[in-house]
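As a starting point, one isolated chain is supplied in structure tokens, in the form predicted on its own.
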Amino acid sequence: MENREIARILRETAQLLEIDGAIIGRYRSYEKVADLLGNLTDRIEDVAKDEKKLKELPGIGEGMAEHIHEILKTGDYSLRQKLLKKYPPTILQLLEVPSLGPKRVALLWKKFKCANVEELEKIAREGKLRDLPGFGEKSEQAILKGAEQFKNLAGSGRVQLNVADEESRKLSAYIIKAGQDVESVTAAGSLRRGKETVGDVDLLVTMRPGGDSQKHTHAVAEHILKYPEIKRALAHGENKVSVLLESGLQVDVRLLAKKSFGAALLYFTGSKQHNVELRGRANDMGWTLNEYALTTLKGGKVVARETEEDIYAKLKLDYIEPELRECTGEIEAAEHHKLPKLIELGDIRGDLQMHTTASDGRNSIEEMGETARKLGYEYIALTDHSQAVTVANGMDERRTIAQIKKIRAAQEHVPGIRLLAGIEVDIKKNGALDLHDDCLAQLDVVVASVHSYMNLEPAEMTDRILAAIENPYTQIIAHPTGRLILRREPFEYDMEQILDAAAKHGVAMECNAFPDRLDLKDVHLRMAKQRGVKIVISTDSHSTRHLSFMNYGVLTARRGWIEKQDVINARPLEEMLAALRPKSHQAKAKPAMRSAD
């Protein structure tokens, strides 16, 4: 079993226990181990073969080790099964609805036996929620809105970019093992274009020339169908195998000759509209373009097919990077040699948002620093949460000052990389920052973000974020729209007004690389670039493992036409610090839009 599957079972057990009224220590133990497994680089199935190593992991004692062994042996956990006899499995859906937590879900079950989103909507529309303790007419409307969001997201049939990427990499590595017949395996489709969600994965397998090609293709197809993580085979043709994986992701594998690889890669990468435009251009030039080749309309003579570059060149276009192929002006730009030189992963010099054990991170300052150094970074900013985020053990002024001292002291133990003292300070409901100015003034990097009151009216949310941007100590706005992909819609506010203010005050906007967020998204990043707003690509890491998520942030930035010069943390240390908005230690923050909460 994969770590994420075991983590899901433990997390669902924790949620069911909380709904059942268990004491906090009991369900938190399951949550902590679920979080641990989510961050663990080794497969817990392998670790569990050595009982001593298993129990050395934080939070895993004798009892939890037994639970993990039970899950590995049976595929489930008896306590979870017992609780699911008391509560319908659909009750876990309710926890995905914004504005609902386990205590509210427990109350809904006790009062109405409500156990799914449809029943929740019915109760809310009948006005039965507003009179319950802790609810009200406003929260009733928020729950109706959240239920609609849940249905839209849950019914999309798509998965996050990182899930598709991980599944693609695993299956590709397996296919390569088919033997000498396979030359390469390449991901195409929306995964190659770096879209934030993926409906299905397209893999192109090129076969080595020579011998009995039909026999070799058949052997590779049979090898693919033996992949252990296949739930069921969907199709098996002469040159195509479609399967549904245990993760729920569909994968279409196409087996093709090397000579037509370029045409196939171009066609199956898409997007659909980009391909339509290319085919129209080819027709205007007297050619036809399909998944096999670019050929003449008369006679079918091959013009180009082996590489995408060849095909674009024949169409009198500069090569268009996959992330740009969304028919948003890239073809015209390619024709006039005006395509951007997109940011690359290797351009990133440091990471400006991450968390340690001081708040809700899993690793120490030194561990985060050492891992970042091995990734080749010149600097990182340690940005633990401020006090308002109580669930993340947020820090008040006293603890923040102590954390600054710890970061300075840790620098001696992590040579070769600069450790910057930062904070992810909360933007309160009234737009004020969560820590005093004299505390913020002592930090190297101040990142501000919203974690509460996410259902404000658009105008009120706009004013809130504007107030934070106008605060002279705000340097970066983190995950600016607050979305959680496939789980929570973004805040509603005037993005153009926010970006104009960011440009005016020199505040950078974050492209959060964590796969749940990818925020700002591509469209907003392009809007920011057009206004000259500075961009920061950060991982928002909560463990050393998350530092590798930078790639997803870079992919998202590339989709937003972002170049190296647009990104602050693509600069050397001193240039990066100079590019951050200077904190005026004497300046007084403008009054918040109303009295502080």
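A quick note: this is a predicted structure, and the numbers were derived from the prediction, not measured. Residues carry their position along the shown sequence, with the first being 1.
What comes next is about the form predicted in complex with a small molecule, which does not appear here.
Student: Heavy atom within 4.5 Å of the small molecule in the predicted bound form: which of 385, 193, 464, 305?
Tutor: So the residue touching the small molecule in the predicted bound form, by this definition, is 193.
Student: Quick one: of 268, 514, 261, 379, which gets a non-hydrogen atom within 4.5 angstroms of the small molecule in the predicted bound form?
Tutor: When the small molecule is considered in the predicted bound form, the option within 4.5 Å is 268.
Student: Within 4.5 Å of the small molecule in the predicted bound form, do we find a heavy atom from each of 158, 198 and 202?
Tutor: Affirmative, all three are within 4.5 Å.
Student: Based on heavy atom distances of 4.5 Å or less, which listed stretch (88-96, 423-431, 185-193, 108-116) is in contact with the small molecule in the predicted bound form?
Tutor: Single hit among the candidates: 185-193.
Student: Wondering, does residue 272 line up within 4.5 Å of the small molecule in the predicted bound form on heavy atoms?
Tutor: Residue 272: yes, in contact with the small molecule in the predicted bound form.
Student: Residue 279 versus the small molecule, in the predicted bound form: is there a non-hydrogen atom within 4.5 Å?
Tutor: It does: once the small molecule is placed as it appears in the predicted bound form, residue 279 has a heavy atom within 4.5 Å of it.
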